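To begin, one chain is listed below as structure tokens, in the form predicted alone.
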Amino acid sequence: MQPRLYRYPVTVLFFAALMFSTVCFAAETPGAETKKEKKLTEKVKSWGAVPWEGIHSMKGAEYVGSEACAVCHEKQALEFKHSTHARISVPGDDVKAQGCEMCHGPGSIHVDNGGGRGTMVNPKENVSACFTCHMDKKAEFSLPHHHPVREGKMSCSDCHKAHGEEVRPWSATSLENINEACFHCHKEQRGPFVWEHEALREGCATCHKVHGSVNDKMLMARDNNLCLRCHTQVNFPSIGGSGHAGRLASGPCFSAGCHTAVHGSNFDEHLRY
């Protein structure tokens, strides 16, 4: 006669799993846990989540005030007074990180050495300086489709002027034209076109999430939903005086062989090629 325990395979498996987990837990030593924590810390640092570490590791670095910066960087100091960042201040009598040093870190070593790389935080090379405040943008750069900022292939300053003159509200791009930041790299979308896509007058951000998106090509919405945000009518699915009921099922407007010249065309008024 078999022992009572082996009549119930589920019971055997349960006790086996319990013993296995107990052995594994006992094998975790304090040293192994420390190693895991160290690995996690290094990963967090690679994300740019630990700002100012390079500056803080410099013994004797102290805050000197924006006036000391203006001695050499006169042009930047004058521009900064008209920028959005200049309006930011951290209240408190003991808070010395104000003005330039809010982003560049304490400047005494930089001043004492008469300038030089590696003596100040450079947001162009260390985007953690920007992510310290712009945490929502840091999250957007983690989305599947994004500009390669966290990979180190470009920086925030490629599109934004941190201490440039007055900018568009809630951005750091010029009032001249928000598209200019995009056209710096995406020259083929600039035009001019014989038949333009009027949406470009409102800016590339009308269709694209400029930092990152869950959609391919960093689009605001996927498939035809993007186009139908503007191109929908009361008598839908008629669009532009033409029935689209059968066409919409074929795929996105811009990749189903129809309106492939979505930014503008020199050959077809319907932006088909």
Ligand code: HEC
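Counting begins at 1, following the sequence as shown. These numbers were taken from a predicted model, which means no experiment stands behind them.
The following text describes the form predicted in complex with the named molecule, which does not appear among the structures shown.
- Contact check for residue 226: a heavy atom falls within 4.5 Å of the named molecule in the predicted bound form.
- Among residues of the shown chain, residue 247 is not one whose heavy atoms approach the named molecule to within 4.5 Å in the predicted bound form.
- Using a 4.5 Å cutoff between non-hydrogen atoms, residue 214 does not count as a contact of the named molecule in the predicted bound form.
- In the predicted bound form, the named molecule lies farther than 4.5 Å from every heavy atom of residue 139.
- Taking a 4.5 Å heavy atom cutoff to the named molecule in the predicted bound form, the contacting residues in 194-224 are 197, 198, 199, 200, 202, 203, 204, 205, 206, 207, 208, 210, 211, 217, 218, 219, 222.
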